[in-house]
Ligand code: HEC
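This document opens with one chain alone, in structure tokens, the form predicted alone.
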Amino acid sequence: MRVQRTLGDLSKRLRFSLVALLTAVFTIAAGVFFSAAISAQTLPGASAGDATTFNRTSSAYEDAPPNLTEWESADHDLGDEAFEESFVSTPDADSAGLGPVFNNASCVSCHIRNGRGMPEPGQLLLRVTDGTAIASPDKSADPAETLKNAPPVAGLGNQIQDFSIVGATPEANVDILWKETAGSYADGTPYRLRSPEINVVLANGEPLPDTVQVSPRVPPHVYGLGLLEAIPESDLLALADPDDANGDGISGRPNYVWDEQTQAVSMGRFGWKASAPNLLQQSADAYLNDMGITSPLFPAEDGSSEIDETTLVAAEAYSQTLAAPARTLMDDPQVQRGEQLFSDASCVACHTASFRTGSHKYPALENQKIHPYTDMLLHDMGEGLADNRADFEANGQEWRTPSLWGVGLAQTVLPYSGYLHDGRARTFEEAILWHGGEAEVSKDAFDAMSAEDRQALVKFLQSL
């Protein structure tokens, strides 16, 4: 068991809890953020209800919800340890099991400070599919693989691991080149957009065959995920309009995926294409594909696992028990103008502002009024952002709407982190200008705005 509670740990936790309690009492006396009698949900900018953190520094994404109970906080702390654990290849070490090929050695190495990643080796991942096998899938195969609609590539699987332990060889060498294109807004103001060109050379020196479909992905943020997991499925499905019955040009739909726990089809919620039904499976998938670590959910062929269930559940708990940052500058007229423009441009048709959470493993996350700005559904984002790679029911032009709460702190938490699925966008403006497909009208509305209005919309995003 990698993560365990000892009497010493519990003693330390009790001492820490006492210090935290005294600090909280002092904070209440000073009238800063919270009190036992006043719900955080009533405070301005409480984006995650009582699970909001009012920290807007470089550590904003690392806070636990202030309303966690003692046992929930203990789970969060154990999860934090699992999230930071660095794996090694030494067989007898406590953290053994890395590789033999991998992308990184720990969760935190990809999800730095729990924020968005950067489009560079060690952060950017390449999902791959054998395009020649899609037309005639093996119906006798594992239903999880058949439904995934992404046949693995021989020798690579579904993800390229570009690092290896000593004595092994990485699956490929990956180079990222950037292609820039120039454009201009309707008012003549110039801009430049960039897109990645991925060059892959296999271990045998050969280039990656053209028949292999490649999808570059940067690590998404991991804060606030437990709250998204607690949104009732019925509320998300109520937003779906796959046939665009209302004629607004927006036709979001859920992705239905394979749940390894229940061995049944379930609605996807997490990942760039909503390919994971819950955070436990999302965590197990990251252990296996990013670090080469087997788990009870994705064991080795002989049924063995390199981490036990306790460690896997602890990692899940960490991503479930991270707060979302509060909004700021809500009384600023420019921010208010930007929020109205965001709505007028129909951005809220996908980036749904508010939900009420339902039941969850952690009661602290239940019955919270949250403002994540996502509908958790798939949308066709056009050819410009297409990876041309299917993932379960998601096609090559569809992406899950990412949540926007806390997005204004992305560069504060990790300078040079990127926006969009592959990190190509360096600014909010670039991210908007890449929108196409169902978001073409919103992009065009932004393009047609005056410079003053564009600045107001961006300042609204920065306030989130």
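Note that residue numbering begins at 1 and tracks the sequence as displayed. Since the structure is predicted, the reported quantities are computational estimates derived from the model, not experimental observations.
Same protein, other form: the form predicted together with heme C (HEC), not shown, and the subject of what follows.
Annotated contacts: A48, Y362 and K459 are all free of heme C (HEC) in the predicted complex [non-hydrogen atom within 4.5 angstroms]. None of the heavy atoms of F54 is located within 4.5 Å of heme C (HEC) in the predicted complex. Within 4.5 Å of some heavy atom of heme C (HEC) in the predicted complex lies at least one heavy atom of F83. Although the partner is absent here, E438 lies within 4.5 Å of heme C (HEC) in the predicted complex, judged by heavy atoms.
For the chain shown alone, Q123 is a contact residue for heme C (HEC) in the predicted complex, at least one non-hydrogen atom being within 4.5 angstroms. The stretch that touches heme C (HEC) in the predicted complex, counting heavy atoms within 4.5 Å, is 212-220, out of 212-220, 70-78, 187-195, 171-179. Residue A286 is the only one of A286, A326, I370, V257 with a heavy atom lying within 4.5 Å of heme C (HEC) in the predicted complex. Between heme C (HEC) and the residues A230, A390, C350, L208, the one pair within 4.5 Å by heavy atoms in the predicted complex involves C350.
For the partner-free chain shown, F428, A431, I432, H435, E438, A439, S442 of 422-449 come within 4.5 angstroms of heme C (HEC) in the predicted complex, judged by any non-hydrogen atom.
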